[in-house]
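First, one chain by itself in structure tokens, the form predicted on its own.
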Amino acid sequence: MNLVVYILRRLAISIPILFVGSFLVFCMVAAAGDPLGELRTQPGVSQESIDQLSHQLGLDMGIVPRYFDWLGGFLTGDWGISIAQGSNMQPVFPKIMSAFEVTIQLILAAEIIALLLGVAVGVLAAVKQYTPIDYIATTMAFIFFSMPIFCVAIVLKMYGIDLNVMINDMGWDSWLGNPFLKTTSPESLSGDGFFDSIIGYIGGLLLPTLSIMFISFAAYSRFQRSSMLETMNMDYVRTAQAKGISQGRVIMRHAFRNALIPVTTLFSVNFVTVVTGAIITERVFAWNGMGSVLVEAVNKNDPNTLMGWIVVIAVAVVVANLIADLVYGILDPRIRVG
């Protein structure tokens, strides 16, 4: 029961944050410029047509009525239409959801792998402090953490191209490709059977996932190592060791759980960084995800698409923080009571 109350309390905090944040972002997007400015400069477009489109988009209303009109449509699934040139007035909702489906696969794959590996390596480095294992883990973390994500992505892409060339020379189809690129040959990624489809899908996700995973892995492993070392020096852990409890049980039953709390905080904070990294990675590997939608919306001053993009990312960030809060309550029940 306490957990349910805890969840409801966190939701009650998150919803007003989203509401206020969406209004502030809406004001900034509205002040960014005239979305019909490019249309006004085109020859053959009458002022009457521009006024009609402006009324259809609600641009002739004040900022507050426009916001509540947009909010009402947003909550009912009507996110407006894209007015970017060449979009043919495409509805924003399916456009954003299609791109988000691509991006969320990349983010989840990278974060799950980075979190599992980072926690495992961090714990191992702490337990084996000042040994070759610790030094290797620390060196790898510093190297990955100091490299810009676009450099990692470009290097991996170059090696991926070389690997595909080697595979083609052996008479096989390319393995590392883009599973979301419409021009990609299905045979080159999926093969004939279910197993071939899985292998092809992994090949398509591998390089972009590694690009993001390396950066997150470095941060998680360093935080986990530091947190584990601090926890291992706590009195209750020393007491358990003095009682003759085995080292493995001391680590897993007494130290590991509390050492996860700082890493959980990092996960919620790191989510925004991962989203940013996903945008850059998608551009490098030509994925049609949220990165492409954002660049197009900014370049063509498409307010409805830009608002939809920002709110979806904001909701994802709030959900990530809510998950972190729930994990806090599971790791340390005193947080729920407090």
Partner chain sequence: MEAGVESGHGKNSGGSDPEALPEARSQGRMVLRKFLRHKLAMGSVVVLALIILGSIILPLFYPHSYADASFSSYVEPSAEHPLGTTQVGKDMMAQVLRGTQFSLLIAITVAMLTTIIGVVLGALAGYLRGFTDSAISRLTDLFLIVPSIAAAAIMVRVLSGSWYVVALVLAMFAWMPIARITRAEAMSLSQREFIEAARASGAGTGRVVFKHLVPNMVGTITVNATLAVAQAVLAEAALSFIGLGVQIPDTSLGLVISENYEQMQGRPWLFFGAFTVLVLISLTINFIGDGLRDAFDPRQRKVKA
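Positions refer to the first chain, counted from 1. In this text the structure is predicted, and so the values were computed from the model without any measurement.
What follows is about the form predicted together with its partner chain, which we do not show.
In the model of the complex, does R283 have a heavy atom within 4.5 Å of its partner chain?
-> Flag for R283 set to yes.
Evaluate H254 for contact with its partner chain in the model of the complex, applying a 4.5 angstroms cut-off between non-hydrogen atoms, and reply yes or no.
-> H254: no, not in contact with its partner chain in the model of the complex.
N299: heavy atom within 4.5 Å of its partner chain in the model of the complex?
-> Yes, contact at 4.5 Å.
Is there any non-hydrogen atom of D162 lying within 4.5 Å of its partner chain in the model of the complex?
-> Result yes; D162 sits at the interface with its partner chain in the model of the complex.
Only one of M89, L75, C151, L116 comes within 4.5 Å of its partner chain in the model of the complex by heavy atoms, so just point that one out.
-> Exactly one listed residue reaches within 4.5 Å, namely C151.
Listed residue (I143, I112, I133, A120) with a non-hydrogen atom within 4.5 angstroms of its partner chain in the model of the complex | Checked against the cut-off, the match is I143.
Quick one: in the model of the complex, does every one of L24, I279 and A314 get a heavy atom within 4.5 Å of its partner chain?
-> Yes, each of L24, I279 and A314 comes within 4.5 Å of its partner chain in the model of the complex.
Counting only heavy atoms, which residues in 289-310 are within 4.5 Å of its partner chain in the model of the complex?
-> Read in sequence order, the residues that approach its partner chain (within 4.5 Å, in the model of the complex) are L294, V295, V298, N299, N301, L306, W309, I310.
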